[in-house]
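This document starts with one chain, in the form predicted on its own, laid out as structure tokens.
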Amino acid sequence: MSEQQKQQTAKVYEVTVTAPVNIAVIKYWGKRNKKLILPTNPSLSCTLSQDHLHTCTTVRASPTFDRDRLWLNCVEERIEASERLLNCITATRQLRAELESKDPSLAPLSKWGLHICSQNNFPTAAGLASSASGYAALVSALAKLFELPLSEEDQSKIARTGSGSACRSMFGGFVAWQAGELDDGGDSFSYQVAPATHWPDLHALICVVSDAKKGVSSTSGMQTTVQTSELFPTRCRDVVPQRMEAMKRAILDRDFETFATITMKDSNQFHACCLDTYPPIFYLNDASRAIIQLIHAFNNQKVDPATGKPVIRAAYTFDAGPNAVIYAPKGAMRELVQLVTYFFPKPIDRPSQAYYSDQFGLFSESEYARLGSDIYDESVAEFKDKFSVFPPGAVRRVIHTSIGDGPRLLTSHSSSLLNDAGMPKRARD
């Protein structure tokens, strides 16, 4: 073994990154190519802050690893059983091999085994876009480990082959996914419409109605919808293209009324297509529908004296699951939190800190401890006669967050999810 090879073998080749969740305001649903995950329509999303929701992934390459291994949330998964995982690993490994063929001084990482450890700090497969942040973190980590000269758009194409919405988590802020027309997917990628700093006043309130794995997966639901829904072709052909352009303008103009209206209408139509699927798909439950009614009542609460029309101050959206994401200006969040925590009290066995996450100082310490009891503004009190209080735990967790950035590289050794031997620091059989 040459001196160079000894140095390469002794060096630890490892990268740790976090990647964010994104929640679409123009929904992606349906594929025109299942293998390459090419969408039937474009989509647009908001990237949420990683301070609250993220996937953390550590990837290490070593000549001592006899095979590729993956641990997801402390449980080892079979990489060979997932075509999508193989897509991302194979694509980045091939690009690394091309670099090594041109530069023999590079360590032969493409030939070494990989140990990948990934953890979410939020429920997996419950309608909170865990696959989006997961595959974005994986591709970002592999691209950095292999030192690939790829733009975020190029990385988004690879992430797309793992999970369609993952391509949008490669950017922060407001992100569009271009459906493209080419059969090979070369023109289907994501790009940033505006950074997170463009609209700092826009916040989000996530209501985790269920943290259980959903009954119908997005992959299965999409396929059935494309095959059987009579509403779906009209949505793809006539509705979404117009909404995409209107939504981009609303974001660039920071026009919340237009943003909110399109967001709610698109969520409603997406779930209408799911109901129009045969057999129908039910992602929303009673708590989800009550949140929709509550937001419409909230928006009808105040009237613009100049126009006589309601002032829209909040917008709900639901992905493929019962969990609500409510977008609203920061100034409306105090009332919204009071509404949600009153009508959806925390689980009896859960402390306030585990039920409601408040990183923005909306409530004093004493108010925070009394959420769901007696700290309501007069404008909120009027709702008590219009809606019924759900049993404790109908909403399991409420997270107040904001728009955030794209994947982050963690440089601290303590951030690694692997120990010195390259095994998970925390593992479960």
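We number the residues from 1 along the sequence you see. What you see is a predicted model, and the numbers here were worked out from it, not measured in a lab.
Omitted from view is the form predicted in complex with a small molecule, to which the following refers.
Only one of 257-265, 352-360, 202-210, 158-166 lies within 4.5 Å of the small molecule in the model of the complex by heavy atoms, and it is 158-166. The three residues Arg96, Lys144 and Leu417 each lack any heavy atom within 4.5 Å of the small molecule in the model of the complex. Although the partner is absent here, Lys31 lies within 4.5 Å of the small molecule in the model of the complex, judged by heavy atoms. Interface residue remark: Ser218 is counted as part of the site for the small molecule in the model of the complex, having a heavy atom within 4.5 Å.
The small molecule is not shown here, and in the model of the complex it never comes within 4.5 Å of any heavy atom of Ile399. Shown alone here, Arg84 lies within 4.5 Å of the small molecule in the model of the complex, counting heavy atoms only. Checked against the small molecule in the model of the complex, the candidates Ile251, Ala314, Ala320, Val240 yield a single residue with a heavy atom inside 4.5 Å, and that residue is Ala320. This chain appears without its partner; in the model of the complex, the one residue of Leu53, Ile403, Ile37, Ala394 with a heavy atom within 4.5 Å of the small molecule is Ile37.
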